[in-house]
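Just the one chain here, the form predicted on its own, laid out as structure tokens.
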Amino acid sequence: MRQTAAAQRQSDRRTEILDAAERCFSRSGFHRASMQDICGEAGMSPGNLYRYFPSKEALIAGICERNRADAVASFALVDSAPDFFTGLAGLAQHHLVDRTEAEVGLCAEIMAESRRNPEVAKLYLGIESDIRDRIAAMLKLAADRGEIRNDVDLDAAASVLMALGDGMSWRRSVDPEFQPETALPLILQMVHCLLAKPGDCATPVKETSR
């Protein structure tokens, strides 16, 4: 029991540090945010922080893995939905509308840093590959169930869905006037026409429940 409590405290502390690092990175960028800034944000000494994360790259890795876990868990929205397009709408709502401005800004920072830092690029591309494979598998299951057309290149369709999501996230990060909740229904209608079986393109996309 004592070890379990200690492990929980350690997990909670890691979460607090990652939360603090996310706020600092989103506010100042990876290069301007110092480990000292993160220590102050987390309310802990440098020595204590370095016990958990020895470098900024380690913090970025922790954030990336946490994002991966969130993305994987969110795919349950599709599995539990009454149909594919309703589930996809819920998934898009979660990732493209409900995320905070800080979370969106951090994703933009990770994308930009992956262009310069080989370690971050390896992390980022690994997660992207995993998510693309999961989307392709999700599309294949929907095609097997007859919920979407079966003559689409599923890998290409998965890449298109990711590009649309990246585009919306980037637009949110650079354009304060952009309204993702207004754009999302149009995006979903485009995707519906891309994937729906012949004759079903005109079917209205169901709104997601909030």
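Please read these numbers as outputs of a predicted model, since none were measured by experiment. Note that residue numbering follows the sequence shown and begins at 1. Heads up, when I say rigid core I mean the largest set of C-alphas that superpose within 1.5 Å between the two forms.
Omitted from view is the form predicted together with the DNA, to which the following refers.
Contact check for Gly47: a heavy atom falls within 4.5 Å of the DNA in the predicted complex.
In the predicted complex, no heavy atom of Gln179 sits within 4.5 Å of the DNA. Contact between Ala33 and the DNA in the predicted complex is found at the 4.5 Å heavy atom cutoff. Shown alone here, Arg172 lies farther than 4.5 Å from the DNA in the predicted complex, counting heavy atoms only. A single residue from the set Arg66, Arg27, Arg51, Arg149 has any heavy atom within 4.5 angstroms of the DNA in the predicted complex; that residue is Arg51. For the marked spot (His94, Arg99 and Arg134), a heavy atom within 4.5 Å of the DNA in the predicted complex is absent from each of the three residues. Heavy atoms within 4.5 Å of the DNA in the predicted complex are found in exactly one of 51-59, 179-187, 154-162, 140-148, that being 51-59. Core-superposed comparison between this form and the one not shown: the CA of Ile17 exceeds or equals a 2 Å shift. Residue displacement note: Phe53 has its CA displaced by at least 2 Å between this form and the one not shown (rigid core superposed).
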